[in-house]
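Given next, in structure tokens, is a single chain: the form predicted alone.
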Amino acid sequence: MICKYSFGTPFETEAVVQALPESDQEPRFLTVRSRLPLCFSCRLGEEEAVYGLGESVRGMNKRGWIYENYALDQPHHHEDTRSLYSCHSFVIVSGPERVFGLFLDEPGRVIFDIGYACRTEMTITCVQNSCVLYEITGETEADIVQQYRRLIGRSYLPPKWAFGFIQSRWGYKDESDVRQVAQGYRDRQMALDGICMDIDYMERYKDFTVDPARFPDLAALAGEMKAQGVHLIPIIDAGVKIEAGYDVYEEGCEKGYFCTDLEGKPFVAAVWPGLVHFPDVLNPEARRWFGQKYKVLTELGIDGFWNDMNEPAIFYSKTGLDEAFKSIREMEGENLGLHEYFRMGDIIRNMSNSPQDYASFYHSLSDGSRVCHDRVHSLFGYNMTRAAGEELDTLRPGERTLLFSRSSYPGMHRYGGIWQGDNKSWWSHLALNVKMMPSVDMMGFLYQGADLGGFGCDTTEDLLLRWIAFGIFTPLMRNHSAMGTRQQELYSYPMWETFRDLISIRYMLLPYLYSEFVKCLLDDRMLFRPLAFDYRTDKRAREIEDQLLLGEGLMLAPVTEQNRTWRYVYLPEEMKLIRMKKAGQWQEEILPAGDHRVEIRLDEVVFFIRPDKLVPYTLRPGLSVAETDFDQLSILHFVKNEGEYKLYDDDGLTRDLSGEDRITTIRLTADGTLTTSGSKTVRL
């Protein structure tokens, strides 16, 4: 059951798709502590865990820290970070006596103190003194997630090829670099389905342009790559360069489609191209206009995009830069002591993503009113991706387009997926990737993943191997790195054959991974879950955060520490261990419930199958999704009595997901009797 309450003057975010009546009662689980500022409180039992908040630091259980939902470009995130790129104010309080969910639909700054000031209390502060609160009650965490997901609408489904391996780097400067990457993988018979193109493909970092010198014929290049089974995926940034003669800039100014300052003039900030304006994506007309610009690239054969810098990130504003120069000039010739020296550094650092800048520009709404950006800050990335998603439906009717974003808010999951922001080549960020999967999944973002190997810093071969071994199972499997870091293409390493073999496992398991993804989408269920969600009465399972459940049948226990060739694994019940070095080659071992010391070498992947579960796989994995055979299948299994699996498959491109012909039912009994009904050929 969901109860709705409104406080203050909420802003309509369009995150929710269900029309619910307002409750005339007081909230059941939250107490209104104050209204200026609007602050709620909730007592937490000693054994209660708090799950959710989407993309945020620390563990699956969020107790013990403060989280601020206010979208922020923060690539240097550590345990003390409070804000990241996305904002999702949905939590589940879970304990032995009660379980309930809370969703605060509020696009301004929302602060969750979850047992930080007082371990037994959660306080939630809405800085703008407004929100719509939804309290969700149910029997289990899974039930509450399903209700929440139906409240905010069905998740986005990318094309099937987007479940293949994608190579990316900031620094592929021209078409010869792209060809070299594709050839590097194909020459070594390594699977590859996509290459991301960062800002260097643009003409001087201008959205919806192509540099004529570096990429003289992008359409021909896209066609050449598709013939090899590789899709090009260009980046689109939030800022539109201010430049006379640039059609996007001039048209946006002429039609009033940019965010404005207090005086009504287009707001000026700076990102990669230098000075820019931001499209006013909260304005439906401007949003439609910006989305239609993707046609420039779809007409060249592009069928995938990633939206970036859309918190929106600001390097500096013109006003902020002028004030910084003035302050520094005032220090010139002075004897800078301790405080003055650090103040000078702060002046420079604080220009980026300045709260003053976010409070100094405005959006024009469809009713003719204006709203300060600071009031609705966390909606920008959502609506930029919504702009693309809505118009790509028109530009490519009936077909799916790959679309994922850095920043997001509830509702954006209907239009695209996300990656987990600009991480680092740190073992701690591999561990964070694991812990973040269920939290992001809860928010409806089924198509998600982190930059494998880490975006910033220099990765190591062993870190990349471990990250790829986990990335095999994440829907978005993208290796991405920053300019100036060590080359991170998998063929660049001495152990490239091991990388090749590990990726082949991904393609072998695609029938299961794709089927589970779509079934979770259709049923509004979670794909990745903490052990605590399925083993609710197991106290040990409720404390484990470095193991995950994936779909119906799998449990994952990745290695996230350097120089470790083993790890402890807790099994809440008897399971079958699968040890795999490459597609089609594995060892099996049945392990009883309890603790186990499991050897996991760098050149292998270990995962677990739950009792009476079936995991379909292809007998013929290819070098791309298009080459992979989804019709000739076999099954990994751990059948003690009888197992049944409903396999979903489709053409991977059209939007219609209905039809019984897309389901193949597979049954296996303990005596080895296999029966199937459907279009697939399945054998043991």
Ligand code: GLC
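Please read these numbers as outputs of a predicted model, since none were measured by experiment. Note that residue numbering begins at 1 and tracks the sequence as displayed.
From this point on, the text means the form predicted in complex with alpha-D-glucopyranose, which you will not see here.
Inset, instruction - From the candidate stretches 255-263, 509-517, 192-200, 217-225, select the single one in contact with alpha-D-glucopyranose in the model of the complex, where contact means a heavy atom within 4.5 Å. - result: Only one stretch passes the 4.5 Å heavy-atom test: 192-200.
Inset, instruction - Report yes if any heavy atom of Arg406 sits within 4.5 Å of a heavy atom of alpha-D-glucopyranose in the model of the complex; otherwise report no. - result: Because a heavy atom of Arg406 falls inside 4.5 Å of alpha-D-glucopyranose in the model of the complex, the answer is yes.
Legend entry - Any non-hydrogen atom of Trp586 within 4.5 angstroms of alpha-D-glucopyranose in the model of the complex: The answer is no: Trp586 has no heavy atom within 4.5 Å of alpha-D-glucopyranose.
Legend entry - Exercise: Met309 in contact with alpha-D-glucopyranose in the model of the complex, heavy atom 4.5 Å: Met309: yes, in contact with alpha-D-glucopyranose in the model of the complex.
Legend entry - Close approach of Asp422 to alpha-D-glucopyranose in the model of the complex, 4.5 Å, heavy atom: Yes - in the model of the complex, heavy atoms of Asp422 and alpha-D-glucopyranose come within 4.5 Å of each other.
Inset, instruction - Decide if the three candidate residues Tyr70, Phe278 and Phe380 all line alpha-D-glucopyranose in the model of the complex, where lining means a heavy atom within 4.5 Å. - result: Not a single listed residue reaches alpha-D-glucopyranose in the model of the complex, so no.
Inset, instruction - Heavy atom within 4.5 Å of alpha-D-glucopyranose in the model of the complex: which of Trp170, Tyr358, Trp427, Tyr535 fits that? Just give me the one. - result: None of the other options qualify; the answer is Trp170.
Inset, instruction - Sort through Lys241, His88, Arg386, His480 and report the residue having a heavy atom within 4.5 Å of alpha-D-glucopyranose in the model of the complex. - result: If I apply the 4.5 Å criterion carefully, the residue I get is His480.
Inset, instruction - Check each residue of 260-291 against alpha-D-glucopyranose in the model of the complex and list those with a heavy atom within 4.5 Å, in sequence order. - result: The one in contact is Trp272.
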